[in-house]
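This document starts with two versions of one protein chain, written out as structure tokens and named structure 1 and structure 2.
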Structure 1
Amino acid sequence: MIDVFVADDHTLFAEGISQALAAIPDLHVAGTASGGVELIELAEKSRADVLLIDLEMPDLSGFEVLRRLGGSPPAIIVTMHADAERRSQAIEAGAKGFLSKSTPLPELAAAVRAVSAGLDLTPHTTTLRDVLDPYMEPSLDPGAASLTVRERELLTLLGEGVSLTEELAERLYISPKTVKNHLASIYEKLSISDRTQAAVEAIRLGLVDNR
């Protein structure tokens, strides 16, 4: 489970990409920020593994943010204008990756995984796809891999101690009956039989932010 933090002054874009990333099994959005200052404040608290930063932000440019953070956590620059000059500036400022906003989602996900694993993507330019290739598939604990997005959401809540059907239903905006359906499905997939064991598994699988 990799925690990603998204910063973009275009709120809609930040929201959209968050949704998209959250739907990927091994990625989790730790939070979003709509500006550089907010990003610096939140990035440390949220304990993100990887930052996705837009270059063009009104209060603090992506460059400045990179310098202040000093490479920890590692950051990937995502920009509308992926030209050579910005690219070299971003690298100089400490970016671990540099991607266009038109990058396909699976490739972005792969880049996140690669950077999270400690890779620096900036030395590679033309052969980027080859570098990312080993990271194209979600790497998730077997078992959790077979869970659907919704089932993972439910399981995460259980791992946080939300145990009552009624409360789970309210948190997910669905009927209690549906909660039970999802639970039954989770039990079968993980070879367990009640929510207590499910909570244990949720934590073991790293679905819960326990830091």
Structure 2
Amino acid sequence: MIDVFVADDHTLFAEGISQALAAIPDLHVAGTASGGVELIELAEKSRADVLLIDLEMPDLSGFEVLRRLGGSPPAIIVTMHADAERRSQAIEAGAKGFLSKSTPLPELAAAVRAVSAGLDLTPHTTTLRDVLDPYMEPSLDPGAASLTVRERELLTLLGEGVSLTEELAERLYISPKTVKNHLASIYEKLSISDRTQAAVEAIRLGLVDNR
């Protein structure tokens, strides 16, 4: 799971991108900030793997935030003003990525994964999409990746609010005993202990639309 902080003074954009990223199984928006000072305070108090920073904020610019944080954690600038001059300034300040706010969500998520893995995206301009190709798919933890088709079906139903053993069995055309066996396997693979936690995991893994 990759923890991300989002900093943007446009509340609607910050909320929108946070919700979109939170719906991706291997990404977690651990915090949001409406300005540079708030982001620095957040970064000092809590851990994040990647920062997404707007350039123009009311107190400190994205450039100044980058300089003060000194490259840790790594940051991607996401801006409306993706021109060559600002790109050069962002790279000089320590950005590991420089993207337009019009970047499609799958590419933004891929950029977060790439930067989290230690890749510097700034040398790549015309070939950025090619560089991001290996990072386009979510990277699930081993437990989630090992879920069987039937276990994923069961998780989906739990995420949709179906929790009674008998109803789960009826929906999946299996016996109540088999439901319990699948649940035990799911709990072990996901390191959880009950159906409520399983429902939360179903949403995190993108099996259920939580909008």
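Only the largest set of C-alpha atoms that superpose within 1.5 Å between the two forms is called the rigid core. Numbers follow structure 1, counted from its first residue as 1. For clarity, every value in this text was computed on a predicted model and none was experimentally measured.
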{"property": "Structure identified as the form predicted together with a further copy of the same chain", "result": "1"}
{"property": "Core-fitted comparison between structures 1 and 2 - CA shift at E160, Å", "result": "21.0"}
{"property": "Per-residue Cα shift, R195, between structures 1 and 2 [Å; core superposed]", "result": "5.8"}
